[in-house]
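One protein chain, two forms: both are listed below as structure tokens, the first as structure 1 and the second as structure 2.
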Structure 1
Amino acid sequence: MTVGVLAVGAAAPSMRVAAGDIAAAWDRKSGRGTAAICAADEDTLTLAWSAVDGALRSAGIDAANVDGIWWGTTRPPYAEGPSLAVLATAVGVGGHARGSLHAGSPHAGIDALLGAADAVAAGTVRLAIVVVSDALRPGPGSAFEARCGAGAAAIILGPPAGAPASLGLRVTRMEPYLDRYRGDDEVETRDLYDGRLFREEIFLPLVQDVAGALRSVEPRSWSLPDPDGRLGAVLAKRVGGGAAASASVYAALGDTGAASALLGAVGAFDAAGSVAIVGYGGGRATGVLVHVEAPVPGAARVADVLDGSEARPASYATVLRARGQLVPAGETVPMGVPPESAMFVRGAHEMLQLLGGRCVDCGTISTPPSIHPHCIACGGPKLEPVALAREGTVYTYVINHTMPAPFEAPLPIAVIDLDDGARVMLQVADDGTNVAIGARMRLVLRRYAHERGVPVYGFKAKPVKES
């Protein structure tokens, strides 16, 4: 059964580092392009949320109508925990939704796509979100470090009738070879043991076999893996596809792991023709054809998301601090309550779905409802939960220039009047230079802290880019 592609979205983190700067720190001459780097409050989950948010808005689909979510990443935020449930809740997908979390290798992104497609084809779900995201963490000084990036892509799948694109041929090959990997007790991904062995006997034979099966269809565009900055071009030449659409994504963001295959393809969904997607990782290579009949909603915006115009340049030292590989000495200030406590259990939906309490009597929205159980306007005791607006205007703000670890100064906090009349006070995902009274803000999911070994998420305000 054919599966339709209804919309796509993409996301990139807020920092960029020149590959040459990383290479220079280790007295190497190589290093081309840039790598996208997560700030301290960004990770694979916040990137996934941003990509899904963009896809849903492009499609005009309410997340409450989605009944499945599949997520692929090599680095889920909880090594063992509610990663998928936290993402689904933050996105707005109901607790009834089906789905799964795929991890274990960069092939997890393709696994998520095929798992969702099979569920839609089988009629198990009607609308499915596929989201792939990654934020690779290499060892300092490794040859792979200058190419390690971060990013996310989302695809909404559904019935084929009226869909602008659909999934077609798929082919998979696998071999039990070890290349890049992490041990059970390791945080950084290891680099290749033998680059030439990987190229000639592992990567090229496996991926060429898959790409060759797709070549007969004569795709208009290709998304090809490029693990070292050169093999992508070699593959493109051998399959006769010209420059791959994914080449510009690798140059701008670096290797985005499980997200790379789809992230290199979704921008090509803006014109009719077949797009061939080839993903690789963990000894597996899979190719998927997408037949585009008309521009897919969201595809035209991908280039703007990835171009880095809103990203801030980062030094190598900033990258190491953001990844937690350069840590200041001294005591940190722990949270008063652990993330598994009753407060977090009872407030999880309030924080992740950004809920307010609307007064049944006068309609005023009180925030947060757990702190204001009665209406702040009329004192009425009857409040109903309501999702808050995602944009608003700064009423007032303050910038903190001295903060205890693990917080970093400057830390702006703003009081924002949302478009639905609610007023919230939130951290600003910026250094404060773009904050002003009357400035427009959009609320985005970010990581607030990493406490007792697990992340804690909530919403922050981000300045809206002027058109």
Structure 2
Amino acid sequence: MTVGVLAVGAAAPSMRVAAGDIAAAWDRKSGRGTAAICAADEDTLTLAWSAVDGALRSAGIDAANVDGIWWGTTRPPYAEGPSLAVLATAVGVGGHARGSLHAGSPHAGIDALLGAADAVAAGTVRLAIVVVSDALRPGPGSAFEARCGAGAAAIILGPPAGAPASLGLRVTRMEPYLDRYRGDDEVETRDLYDGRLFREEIFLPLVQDVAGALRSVEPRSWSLPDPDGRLGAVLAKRVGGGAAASASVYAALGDTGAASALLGAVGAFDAAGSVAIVGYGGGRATGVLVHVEAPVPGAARVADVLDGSEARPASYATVLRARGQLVPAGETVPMGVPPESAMFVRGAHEMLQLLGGRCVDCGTISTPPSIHPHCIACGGPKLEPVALAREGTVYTYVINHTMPAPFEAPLPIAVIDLDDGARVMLQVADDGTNVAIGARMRLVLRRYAHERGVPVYGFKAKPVKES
């Protein structure tokens, strides 16, 4: 049974570093393009949420109707922990959804796509979210550091009938070689092999093998891996399809790891024709064909996501701080409620799903429900849980300039009247220039903090750009 492609989405973090700045720090001359970097409140999970949010909204799909979620990321935010469950809950997928988390190499993105496709083809899942994301953390000074970026893509798979695109031929090859490597006790990825050895004996033979198998259909567009900023062009020449569609993605965001294969392709789903996707990582290369019959919802918006005109430029020092590779001496004061607190168990759903309690008697929404057994307006005891609206208007706000680490100033905080009438007070993901009484805001998932080493996620407000 073929599998339909219903919608796509993409996400990029809020900072960009010029590759040349990183190269210069290590007295190297080379360094073209930019790489996307996560701010302190972004990571692979928040990027994944954002890509899924975009895909669902493009197609008008309610997450509650999705019954499976597959996530591929080289490095999930909890090395062992509830990575997929946290993402699924924040996305709004029901608690009975199927799916799996693929990790451990950049090939994880392709694994997630194929895992979801098999479940849809088998009929065990009707609507599946495939999301691929990464925020790479290379060792400082490593040869590939300047090309390491961050980004995410999402694809909604479902029944083929009426779908604008479908999955086709796939081919995989693997060899038990090391390439990029990170041991269980290491936090930074490193290169093991000599560059020429990797290129001639590992990368090109594997990737060319699977790409060759896709050439017979003469794809309109290619997404090809480019782990070092040069191999992608070499591959494109050998495959013979002209510049790959993925080249502009790599130039803007850098290598996005497990996200790169799909992120390099989804923008090309905006017109009819075949798109060949080749992913590589961990000694494995896989090629997949996607046959596009009509523009896929969300595909035309991928270019806007990649456009970095609203992104903040970051210096190399900022990049190192954001990646936790430049840390101040001395102990930091622990902030917030320890994540082992029962409060995080009681609060998990209301925080990640953004819940309120609507008064059966007067209709007022009190939030969060766990501290509101009674209505804030009439005092009534009958409240029913509701998902809060995701957009609203600023009623009043401040811009905080004086906070201890890990908070970073300036931090706007706004009281926002959501469109369903609920009032919330949230941090704003902005430097304050777009915050004013009456400004429109949309709620987005962000990483609030590392509480004693554990990532904690919740919603922030983001100014809605007038279009």
Partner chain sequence: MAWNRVAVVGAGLIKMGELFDQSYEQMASGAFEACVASVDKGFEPRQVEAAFLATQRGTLWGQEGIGGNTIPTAIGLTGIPCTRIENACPSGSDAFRVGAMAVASGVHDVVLVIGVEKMRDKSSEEGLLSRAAAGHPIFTRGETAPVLFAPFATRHMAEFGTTREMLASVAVKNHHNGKLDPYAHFQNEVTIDEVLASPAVCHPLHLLDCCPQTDGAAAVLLVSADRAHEFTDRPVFVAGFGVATDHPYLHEKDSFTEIKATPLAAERAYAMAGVGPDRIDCAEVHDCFTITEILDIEDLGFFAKGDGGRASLEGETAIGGRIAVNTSGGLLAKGHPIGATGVAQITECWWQLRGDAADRQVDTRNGYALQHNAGGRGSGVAVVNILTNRRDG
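This is a predicted model, so every value here is computed, not measured. Counting starts at 1 and follows the sequence of structure 1. Superpose the two forms; the largest set of C-alphas matching within 1.5 Å is the rigid core.
Working through the pair one at a time, identify the form predicted in complex with the partner chain and give its number.
Structure 2, which is the form predicted in complex with the partner chain, differs in this respect from structure 1.
After a rigid core superposition, would you say the CA of residue 359 moves by 2 angstroms or more between the two structures, or not?
Residue 359 C-alpha, core-superposed: shift of less than 2 Å.
Does residue 175 show a Cα shift reaching 2 Å between the two structures after rigid-core superposition?
Result for residue 175: no, shift under 2 Å.
After a core superposition, would you say residue 193 shifts its C-alpha by at least 2 Å between the two structures?
After core superposition, the displacement of the residue 193 C-alpha between the two structures reaches the 2 Å mark, so yes.
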